[in-house]
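Only one chain is shown below, in structure tokens, and it's the form predicted alone.
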Amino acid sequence: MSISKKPYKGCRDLFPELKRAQDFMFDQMKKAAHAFGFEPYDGPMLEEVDLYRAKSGQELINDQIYSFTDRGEREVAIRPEMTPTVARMVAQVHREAPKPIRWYSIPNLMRYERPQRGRLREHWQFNVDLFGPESIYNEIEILQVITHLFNSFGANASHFEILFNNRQFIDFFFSKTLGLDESKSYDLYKLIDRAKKLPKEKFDEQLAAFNLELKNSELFNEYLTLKSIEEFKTFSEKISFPKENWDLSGFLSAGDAAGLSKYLVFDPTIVRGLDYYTGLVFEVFDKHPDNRRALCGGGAYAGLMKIFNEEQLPGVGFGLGDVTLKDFLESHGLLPDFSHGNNVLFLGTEDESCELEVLNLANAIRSRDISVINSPSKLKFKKLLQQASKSGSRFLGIIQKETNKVKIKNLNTNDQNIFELSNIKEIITELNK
């Protein structure tokens, strides 16, 4: 039987060109997190299924996780998301750790999903979480990290928007206004979460199964048509939503002060599918007509620590996948060209028996933290130039045996200079231009 050269369905082989692009995105993620004082963490690839069963929701458990029973008869899963893991880790240290706790990670995750544009079974995800105390300013800071990251790629409010809602409001609307019990509220959450993906006829058919009274049905449809923050405020007053449950005005004022107003858009269909969200929920949406989709999402959660019998410690965070981010950057022409490498110097010689000089000079330059690719044997100038260009090197160095010198050519400007092999300082200065 012949073994396939293709990766497992929904996974990728990251050849150097693709890995360069991914590393670039990872570097920008790390810089954005560090700009706000977040610290890196990581956790195990395997977790007990009970961790996800307790908080992530039945859809993930039933349809999306890769789970198996290990040799010790433990039911485990390859991590499909990171929030339960970070909650488990924070539960171990939160009593001693200074608050708020600011952590980030870029873990490799697996979900059994139908591969499509922007969604694979394996991906890496930028996770940023901030724990306690509960505050709209923590929510604002998380949104600032997102905009800071997207801005670092050159994106602005013409490229993306942040659609937001609040589970406190939706819980009140479902239970107090519509009179739904917990089970029906849960099912209606799931339906709204799929609202933009379902044809209207299919959505109306599934909504009819809830048998809402005529008045409540009209209210629900009115809610779904809300298109602005002002309309939402009016609707909130209409159903007597307690302002103390969600300080919307305070949230918007803080958002305005933080420069977020141009990004924030209220959307009644943003509820987030995971069960642990308890407050603000949001999704970042691409405005490009060819890629109109959610790029990342997150929200506030207050009860994650309860599954570990710990005191309540509110948190807020988000997750951004590398697949959707790359699609976004490519759609808007914001991803640099990574078809070539980023080496500094390609070093070789046209002379016989000059390999040791090549090795010695290459090592001397590398000791100054400059990358060097050296040719293992003599080559003609044309071949050296060809290999230097293909490697993505910025300079080509050719050692001349009889003169004991090196000619260094800038492949971007075609300028060239000749240096004594012993004059490392001048060579380094040239390479640092």
Ligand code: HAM
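As the structure is a computational prediction, the values presented were derived from the model and not from experiment. For every residue, the number given is its place in the sequence shown, counted from 1.
Same protein, other form: the form predicted together with the ligand, not shown, and the subject of what follows.
Exercise. Given that the partner is absent here, state which listed stretch (121-129, 95-103, 246-254, 146-154) has heavy atoms within 4.5 Å of the ligand in the predicted bound form.
Key: Heavy-atom contact with the partner occurs in 121-129.
Quiz item: Are all three residues F173, K233 and G279 in contact with the ligand in the predicted bound form, where contact means a non-hydrogen atom within 4.5 Å?
Solution: So, no: the whole triplet misses the ligand.
Practice problem: Spell out, yes or no, whether the shortest heavy atom distance between F164 and the ligand in the predicted bound form is within 4.5 Å. | Solution: No, F164 sits far enough from the ligand in the predicted bound form that none of its heavy atoms falls within 4.5 Å.
Exercise. Verify the contact flag for I140: yes if a non-hydrogen atom of it lies within 4.5 Å of a non-hydrogen atom of the ligand in the predicted bound form, no if not.
Key: No, I140 is distant from the partner.
Self-check item: Contact of E113 with the ligand in the predicted bound form (heavy atom, 4.5 Å)
Solution: Contact check for E113: yes, within 4.5 Å of the ligand in the predicted bound form.
Self-check item: Non-hydrogen atom contact A294 with the ligand in the predicted bound form at 4.5 angstroms
Solution: Yes, A294 is a contact residue.
Exercise. Check each of P268, P107, P314, G319 and return the one that places a heavy atom within 4.5 angstroms of the ligand in the predicted bound form.
Key: Only one listed residue qualifies here, and that residue is G319.
Quiz prompt | Contact residue in the predicted bound form, from Q168, T324, T85, S331 (heavy atom within 4.5 Å of the ligand) | solution = Checked against the cut-off, the match is T324.
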